[in-house]
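Quick setup: one chain, the form predicted alone, written in structure tokens, and binding and motion questions come after.
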């Protein structure tokens, strides 16, 4: 592969082998009905994988037909859904939202319908963090997740036990690749390593302290990457020997013979996730509950890991994923990004981050 992306990973997915689907969601299909559900998900191979592997299994289990709706990133789709709701239309019954988008939607109000978890017993398999609670009650059920990881060139350096080792100039001077965007989670990594994690983001003084700590790393950064292809090429060329990159792509590159190894240090790696949310105008609440219950089953979480390359939101012990399959998409511990702080103080954080990048090393 000349260019590896998460979409390349999805395209390379192979058939299901030995999948034991849970009895709670897979059984004798219901009598054919005219029930249906419009489900939004990110386009390309991601959506294609759902259409090939997830939706047919759901229809077979429940008799509910699925119409796949292509949605862009969460923020743009939220604007579309906001305009549609104001016009009284429903482009999708279920949308896939990142946590920060759910927070925005809950603050706007009237866009997402509260969920009845008693109709979704399989959601008990999820950590409570992945069932988003708004003022009205549960508003989102976790669908899948993905990690940004510490990566190194194993031919050049020993695996660090902590992110703090990246600040060691004797080991990493002018040799790291770090994401350039202010909200690309390196601030979260720094907060988890040297401060009190998400708690530190609650004050502007805490935010500035985190940014100042990142500034101390600048002599060790050879590349502030804005496109994943930049970091990919830098690792391949040996221009950097470590940094921050996507776990799934890193593992794919390693499998293809490139010198890159993802690491879960003692502080962990940042974990993002997407959630299923029901449109406030949808009349398909029962069907939506069945789908959210379906995807919360450990067997379906494992299916998505194998076929879509996403990390499961249930404990590995509840799935039949092998150690290698789990390590390809997930790991522990996880760093939870400070989503609300980025929303509440976006301008402040971005301005001070850009000032730090523009300043001297």
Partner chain sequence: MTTIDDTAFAAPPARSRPNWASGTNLILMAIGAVLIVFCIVPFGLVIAISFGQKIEGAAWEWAFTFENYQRFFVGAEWPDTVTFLYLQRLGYALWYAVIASVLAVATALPFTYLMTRLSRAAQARWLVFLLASLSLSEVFIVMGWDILLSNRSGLPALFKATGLTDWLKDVGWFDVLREWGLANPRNVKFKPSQFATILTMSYLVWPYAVILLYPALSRLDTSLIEAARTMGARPFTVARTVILPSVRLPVIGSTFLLFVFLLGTYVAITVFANPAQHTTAVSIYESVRGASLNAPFGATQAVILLITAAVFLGLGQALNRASGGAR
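None of these values were measured; they are calculated from a predicted model. Residue numbers count along the first chain shown, from 1.
One more form of this protein, predicted together with its partner chain, exists but is not displayed; see below.
Visitor: Taking its partner chain as it sits in the predicted complex, is residue 228 near enough to touch it, meaning that at least one heavy atom pair lies within 4.5 angstroms?
Guide: No, no contact at 4.5 Å.
Visitor: Mark residue 136 yes when one of its heavy atoms lies within 4.5 Å of a heavy atom of its partner chain in the predicted complex, and no otherwise.
Guide: No, residue 136 stays farther than 4.5 Å from its partner chain in the predicted complex.
Visitor: Although its partner chain is absent from this view, report whether residue 152 comes within 4.5 Å of it in the predicted complex, heavy atoms only.
Guide: Contact with its partner chain, no.
Visitor: I'd like to check something about residue 224: if you look in the predicted complex, is any of its heavy atoms closer than or equal to 4.5 Å to a heavy atom of its partner chain?
Guide: Because a heavy atom of residue 224 falls inside 4.5 Å of its partner chain in the predicted complex, the answer is yes.
Visitor: Looking at heavy atoms inside 4.5 Å, which stretch does its partner chain contact in the predicted complex, given the options 177-185, 143-151, 122-130, 193-201?
Guide: Contact criterion met by 177-185 only.
Visitor: Is every one of 79, 350 and 359 within 4.5 Å of its partner chain in the predicted complex, counting heavy atoms?
Guide: Judged in the predicted complex, 79, 350 and 359 all sit within 4.5 Å of its partner chain.
Visitor: Residue by residue through 238-268, which ones have a non-hydrogen atom no more than 4.5 angstroms from its partner chain in the predicted complex?
Guide: The stretch touches the partner through 238, 239, 241, 259.
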